[in-house]
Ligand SMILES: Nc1ncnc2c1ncn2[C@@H]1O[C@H](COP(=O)(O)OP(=O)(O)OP(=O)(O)O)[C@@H](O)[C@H]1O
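Have a look below at one chain only, the form predicted alone, in C-alpha cells format.
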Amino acid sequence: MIEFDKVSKWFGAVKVLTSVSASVAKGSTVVLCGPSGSGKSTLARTVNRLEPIQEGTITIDGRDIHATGVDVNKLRTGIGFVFQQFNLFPHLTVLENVMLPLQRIRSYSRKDAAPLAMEMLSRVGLAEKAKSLPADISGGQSQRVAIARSLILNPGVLILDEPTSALDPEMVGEVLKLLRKLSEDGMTMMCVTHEMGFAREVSDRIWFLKKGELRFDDEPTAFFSTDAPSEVRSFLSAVNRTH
C-alpha cells in the first residue's frame, strides 16, 4: 500500500531522515517508535506531503506521491491524518466537525452530510455527543471525534501522529480501543506512538527509528524479544521507566 524507497529529508543543513526504505502492507498496522527527534513524525508527515522530501520516492498504491503534477488536495482525501492536538473547530458542534470534510471537499449539503457523520460518530461510540461543542467533551472523546472526521471520506490509509500524547492517562485507553477496532476492520494504519502495549497487541510490524535512520523493521515478537538489538532494548527500558 505504501512504499518508502531511500527517502531522505533535510531541515536546512540538518538531515532528519536518511535513506529510509520500508513498506506498509494493505490492511496492516505499522507502529513507528524511537527516541525524541528520531524522525518518526517527520516520516509520517511525508505520506500526505505535509513534509516534502529531498531524495527517494514514496508510492501509495504504486503512485509516486511526491512527483510533479500530483494533485495534493486529491491525494489527501485518500489519507486520513490524526494529529496530537485534536484540531477541532471550537465553534462547531461535534457533528458539524465530522461533517465538514464532506461539505468542503465533496460538496455535500448539510442534509446529506449529517446522516453520514452521525453514522461515523456511532462507529466511534459518540453519537450521544453530536450536539456538544468540543469544549464540553473530554480529551479522549475529542481525539475520537478527530479520528471520526479523518475517516469520513473513507480514506485508504490512516496516519496517526502521537494520537494519545496530549491525553490524560485515563483517557488513553478509549482511543487505543478504537484504534484496535480499526485495525481489526482492516484499516491500513501508520501510528507514531510510545504506547508499547498497543504496539505489542495491535501492530503487524514495528519500525524503530534513531537519528533519522530506520534501525529496525520487524514483527512485534522480535521487537519485544530479549534478542532484539541493544538500542531497541535500551529504548524499551527508558519507555517503561517513564510510563
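Note that the coordinates shown come from a computational prediction; the quantities given were computed from them, not determined experimentally. The first residue of the shown sequence is 1; numbering continues from there.
From this point on, the text means the form predicted together with the ligand, which you will not see here.
Hey, in the predicted bound form, does G197 get a heavy atom within 4.5 angstroms of the ligand?
No, G197 is distant from the partner.
So in the predicted bound form, does V16 come within 4.5 Å of the ligand, heavy atom to heavy atom?
Taking the distances in the predicted bound form, the answer for V16 is yes, it comes within 4.5 Å of the ligand.
Applying a 4.5 Å heavy atom distance criterion, does S36 contact the ligand in the predicted bound form?
Close contact exists here: in the predicted bound form, S36 approaches the ligand to within 4.5 Å, heavy atoms only.
Does the 4.5 Å heavy atom contact test between E162 and the ligand in the predicted bound form come out positive?
Judged by the heavy-atom cut-off of 4.5 Å, E162 is in contact with the ligand in the predicted bound form.
Among 214-222, 40-48, 23-31, 183-191, which stretch has residues with heavy atoms no more than 4.5 Å from the ligand in the predicted bound form?
Contact-bearing stretch, as computed: 40-48.
If we check the ligand in the predicted bound form, which of the residues in 91-117 reach within 4.5 angstroms of it by a non-hydrogen atom?
Residues within 4.5 Å: none in this stretch.
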